[in-house]
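Here you get one chain, nothing else, as structure tokens; it is the form predicted alone.
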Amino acid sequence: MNYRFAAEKDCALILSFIRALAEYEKMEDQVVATEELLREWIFEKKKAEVIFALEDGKEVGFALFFHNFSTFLGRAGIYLEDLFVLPEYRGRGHGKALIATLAQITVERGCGRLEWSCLDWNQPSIDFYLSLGARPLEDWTEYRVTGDALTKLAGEAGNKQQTGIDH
């Protein structure tokens, strides 16, 4: 597979893949990302990276990922946030090649693991991931705090002086 890392000029393309993924997952109404936000967080703050799968020079799939950290392993890992291949290019090995490329990046960077989440109803993706040797984590449930609940929880921490946190 041919692939390339995204550049700042690709923010509109990244957003188009995010919207296509959201449509597939029936979550279009949850996308609030903009090109400006992607530019800030991916390229200015360097909080994530994107690679594109290419076919005949055309971007046909993408993977957005970032580093996390395992205290048990004592080193970073890579978390795959999004993986998406355009429907008309599926079945040609692009998804597998994107994950294999991420595995290669994980190993080259000395990271201890590559992980991701998958929607419970997405059986085609689950079957695909199992075919790669991935296994679901047992005894773990993912939790998330966003929106008003996040703001309320943050407010309970008080100011920096009270918590002793200094950024």
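Keep in mind that this is a model prediction, so the values were computed, not measured. Residue positions are given as counts along the sequence shown, with the first one as 1.
There is another form of the same protein, the form predicted together with another copy of the chain; it is not shown, and what comes next is about it.
Taking a heavy atom within 4.5 Å as contact, would all three of Ala76, Leu114 and Pro136 count as contacting another copy of the chain in the model of the complex? Yes: Ala76, Leu114 and Pro136 each sit within 4.5 Å of another copy of the chain in the model of the complex.
Indicate whether Asp120 is a 4.5 Å heavy atom neighbour of another copy of the chain in the model of the complex. Looking in the model of the complex, residue contacts with another copy of the chain include Asp120, since a heavy atom lies within 4.5 Å.
Flag Arg92 as yes or no: does it have a non-hydrogen atom within 4.5 angstroms of any non-hydrogen atom of another copy of the chain in the model of the complex? Contact with another copy of the chain, no.
Contact of Cys11 with another copy of the chain in the model of the complex (heavy atom, 4.5 Å): Although another copy of the chain is absent here, Cys11 would stay clear of it in the model of the complex, with no heavy atoms inside 4.5 Å.
Using a 4.5 angstroms cut-off on non-hydrogen atoms, would Val60 count as touching another copy of the chain in the model of the complex? Looking in the model of the complex, residue contacts with another copy of the chain do not include Val60, since no heavy atom lies within 4.5 Å.
Scan 19-39 and write down, in order along the chain, each residue with a heavy atom lying within 4.5 Å of another copy of the chain in the model of the complex. Read in sequence order, the residues that approach another copy of the chain (within 4.5 Å, in the model of the complex) are Ala22, Glu25, Met27, Gln30, Val31, Val32, Ala33, Leu37, Leu38.
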